[in-house]
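One chain follows as structure tokens, the form predicted alone.
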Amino acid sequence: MRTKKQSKLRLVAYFIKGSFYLFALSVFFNLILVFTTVLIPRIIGFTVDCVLQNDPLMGENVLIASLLGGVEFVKSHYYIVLIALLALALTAGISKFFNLYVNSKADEKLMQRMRNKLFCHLLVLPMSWHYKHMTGDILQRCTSDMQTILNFISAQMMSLIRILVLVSISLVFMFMMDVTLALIAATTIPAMFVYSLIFQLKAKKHFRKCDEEEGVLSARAQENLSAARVVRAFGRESYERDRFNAQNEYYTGLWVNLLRRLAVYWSSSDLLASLQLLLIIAFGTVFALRGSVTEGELIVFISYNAMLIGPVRELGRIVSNMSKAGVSLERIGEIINAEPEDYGRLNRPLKGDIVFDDVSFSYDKPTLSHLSFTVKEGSTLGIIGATGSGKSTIAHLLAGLIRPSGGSISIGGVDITSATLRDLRRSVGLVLQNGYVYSGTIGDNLAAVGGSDAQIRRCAEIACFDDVIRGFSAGYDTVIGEKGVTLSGGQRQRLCIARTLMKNAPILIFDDSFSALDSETDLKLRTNLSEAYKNTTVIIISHRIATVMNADNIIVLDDGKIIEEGSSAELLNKGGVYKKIYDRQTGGGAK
């Protein structure tokens, strides 16, 4: 299944779906705020011209006079102007309150939707995608980039709507009062917009570079926090500190360079706005002395111009921030548009013989080459070979974590690529050498795939872990810390084995997951498995001959190819690679 590519606009539309009505309500309160703000200077102008100066009623002053009860009524009741201004100010304050309240609620719903979308999509992306992306960079996209998008949609986009309405209404009133002064005020608006647009185009690549390098910095921090014990064990504190400092210095330098550009932009924008205000005051004073505008109109005009200067400068900020939001949308879009892992639509349990037919796979170079073998249902297959020979790749292919670049893999005659991933993952239980342990309690980890307390204890007993758990003071409620830091390597492996057994899958794969166990525990665990899961197909991958020698069939891998295959006795009689490994590990003991 291929995902539909999402453009920036489609992404924004998807994210605000569900909170659109809240943003619309926020726009409504924003408009009320704008209208009340624009009316206040008009009432002041009417009071100066028609009430204090006794100028004749003209234009919109006629409407204002009628709303206030007439000029004569206002002259004898000056407080009515104060009441009108207070009413407008109160309306503006209430509108602003509800605008902020509704907008904050919309913020949280928007952020919730973005988090859910990204997290759920990350869960279905193939391992090949995760191999190419650092965890720190992914986290940075899911935090910093999402916050940038949220700020733009909820704050800057709302401000953009308010600014456009405010500028439009103010300019209309200004042109109604004096065309020449209005033209002087209006000419700076396109100049600032064009200037902001040019800056946006130039700043976009710098914002993207800063975001990318922040991801690298986050990845380095995450790696060191995850491998804190390794860093200390090898005395790499100074090396890692220097490496982090170098990246941090480079990242800081990028932002300093960008902020220098921003400083030039803001200062030049301020200069342009100051020159515009100076022209308005100078020409307005001359026009007032000539009588082409009244004193009240000049006051109103300067008020409207003051309303324009701030929003127009803010418009420049919004336009420049648009580039940063665009970069964040691109980076999140790279996740959303990444193809999820998907196999087929055949909805049926997978059970039966496992057949690898001419299977090949490559990472940067070929890992498996034309591999063919069969695992009979209910039998045990042992896989042994040197490091890098492709043993784990076989496990990952069978579990559907990666897809073969050639050939086919079938279970019970069904090609696994035609089955649903849900059925495939239910049918295959995989235990990795370095299995992941969640923070929390032992019981929480074992119950991660569901099951009753009785099932949990039974699987723990089979994995030779129940006695260990009962030795802890809190038993199954023992908190084991992040990644099971309080457990030994062998205990973590047994916990992961027990957790996988909870799936009750017809196929079990143990990818060198007995490596940290002592020989006695290794033997006891395998004995428990053979007794409890007689009809289960088991694949054991190991470097230890003793772990695989009782398997029904054993394959020896070398450089992605099967060089030997057979039972342990058959392979020992051949006197090949298996025999050499056996002699080396047993000291040439009896067969």
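Every value quoted in this text rests on a predicted model; they were computed, and no experiment measured them. Don't overthink the numbering: it's just position in the shown sequence, from 1.
If you look for the form predicted together with a small molecule, you will not find it shown, but the lines that follow are about it.
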Name the stretch: of 248-256, 291-299, 493-501, 357-365, exactly one has residues whose heavy atoms fall within 4.5 Å of the small molecule in the predicted complex. 357-365
With heavy atoms only and a cut-off of 4.5 Å, decide whether Pro404 touches the small molecule in the predicted complex. no
Determine whether any heavy atom of Gly388 comes within 4.5 Å of a heavy atom of the small molecule in the predicted complex, and answer yes or no. yes
Hey, in the predicted complex, is Ser392 touching the small molecule, heavy atoms inside 4.5 Å? yes
Determine whether any heavy atom of Tyr436 comes within 4.5 Å of a heavy atom of the small molecule in the predicted complex, and answer yes or no. no
Option touching the small molecule, based on a heavy atom within 4.5 Å in the predicted complex, out of Tyr131, Phe73, Phe97, Tyr79: Tyr131
The unique member of Arg42, His543, Lys524, Lys561 whose heavy atoms fall within 4.5 Å of the small molecule in the predicted complex: His543
